[in-house]
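One chain comes next, on its own, written as structure tokens: the form predicted alone.
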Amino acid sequence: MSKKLFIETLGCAMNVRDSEHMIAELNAHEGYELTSDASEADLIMINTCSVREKPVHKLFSELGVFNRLKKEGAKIGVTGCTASHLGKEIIKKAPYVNFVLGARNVSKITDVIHRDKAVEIDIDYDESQFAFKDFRTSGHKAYINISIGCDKQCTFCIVPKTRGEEISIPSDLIVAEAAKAAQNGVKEIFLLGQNVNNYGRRFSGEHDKVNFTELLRRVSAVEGVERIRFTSPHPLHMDDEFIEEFAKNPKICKSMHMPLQSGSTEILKAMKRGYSKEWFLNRVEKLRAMVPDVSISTDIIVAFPGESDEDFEHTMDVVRKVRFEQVFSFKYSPRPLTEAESFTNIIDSEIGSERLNTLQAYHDSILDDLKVTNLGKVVEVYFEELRNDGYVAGRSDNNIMIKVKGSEELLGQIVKVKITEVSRMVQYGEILA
């Protein structure tokens, strides 16, 4: 009988890809097969996120549940960013945990499962050229890491302390991975990095030096690749060459995630983001001029230390001008190992909640306006998910989630759809013959 693996993945798309890498290695070298039932698993893993406070709290709650559920002899492991920054503390707090594996040490998974109480959290470990075995949770979308780590020093962010300094993965490895995915029927490639458009700044060893714009060209030249998405570009590195390639390359999906964080130049300085409100708006203006149908999403933190009413109004001003199609918004919470953790000009929690509510309510009104403009539009949808309500779901080129009545025959197909019903988050449509 094969051994069973249960894995819960928290956080970002990079964590999803890290989980896929670990699943592949455990299957190929240790004979583990996935299960959705933790109680039958021989190995239970939680791949963690530490960007915000709640996922850290959730970790220990989940660990307690899994410890009660697990069968006799089953092992429990904690991986990912929280593993990186808490390390041995996880085992001290939850002594039934068998190993801790940091986000920069994914390739060590087949080693640590055999060493009880192993803790591997070296953020300088370089696995940028490690040849992982192949596994994907989706047969229609391929996540591909193009870099590991982050060189930015944003004062609110723990990622550089959990994923180490930024190293780009050689372009030939990325292109080869895209080609293999395409040969297996994948039409959409999703490139991943903390700051994808800083790609090429540093490689491990001697490699063909290319920037992100050139990497996009090389991936788009792969036969069988029909769509390319990526996350997240940094506004600081959105130069004209990058925007022009985004606009003119028909394989690049016309949706852009631009993490604003704050609309106040003064707060952006305190965050060490490296750009101003004016620069951000200038990049949006150029994008929208070249790609009128582009959808733009963003991240916003309200109530960052020192944020005045005027600073918050600058954020609202950007939201009004850009009219983001999607906003991931949060009230600031201090993270360990970050510079901002020591800031003393903390904003009252009630003020922060009020600002967050104001922002989210205003954005809801934008979504109500935008959804109406989609009604009756004809868009090309790449279907990738079969729902249990008789619908098949997919996304348009500019990232609108669209559902149609249908079956698994639609999966992996790019089809023209007329939007017939709209809501804030999901549109419904009918397939055009």
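None of the values given here were measured: they were computed from a predicted structure. In case it trips you up, residue 1 is the first one in the sequence shown, and so on.
Same protein, other form: the form predicted together with ligand SAH, not shown, and the subject of what follows.
Among 205 to 213, 121 to 129, 349 to 357, 257 to 265, which stretch sits within 4.5 Å of ligand SAH in the model of the complex, heavy atoms only?
It is the stretch 257 to 265.
Looking in the model of the complex, any heavy atom of residue 301 within 4.5 Å of ligand SAH?
Heavy-atom contact with ligand SAH at 4.5 Å: present for residue 301.
So, residue 143 and ligand SAH: in the model of the complex, are they within 4.5 Å at any heavy atom pair?
Output for residue 143 is no: heavy atoms all beyond 4.5 Å of ligand SAH.
Heavy atoms within 4.5 Å of ligand SAH in the model of the complex: does residue 51 have any?
Answer yes; at least one heavy atom of residue 51 falls within 4.5 Å of ligand SAH in the model of the complex.
Please determine whether residue 330 contacts ligand SAH in the model of the complex, using a 4.5 Å cut-off between heavy atoms.
Judged by the heavy-atom cut-off of 4.5 Å, residue 330 is in contact with ligand SAH in the model of the complex.
Between 287, 91, 181, 157, only one gets a heavy atom within 4.5 angstroms of ligand SAH in the model of the complex; which residue is that?
By the 4.5 Å heavy-atom cutoff, the listed residue in contact is 157.
Exactly one of 295, 105, 194, 171 has a non-hydrogen atom within 4.5 Å of ligand SAH in the model of the complex; which residue is it?
Contact check passes for 194.
Given a 4.5 Å distance limit between heavy atoms, list every residue of 214 to 253 close to ligand SAH in the model of the complex, or none if there are none.
Contacts from 214 to 253: just 232.
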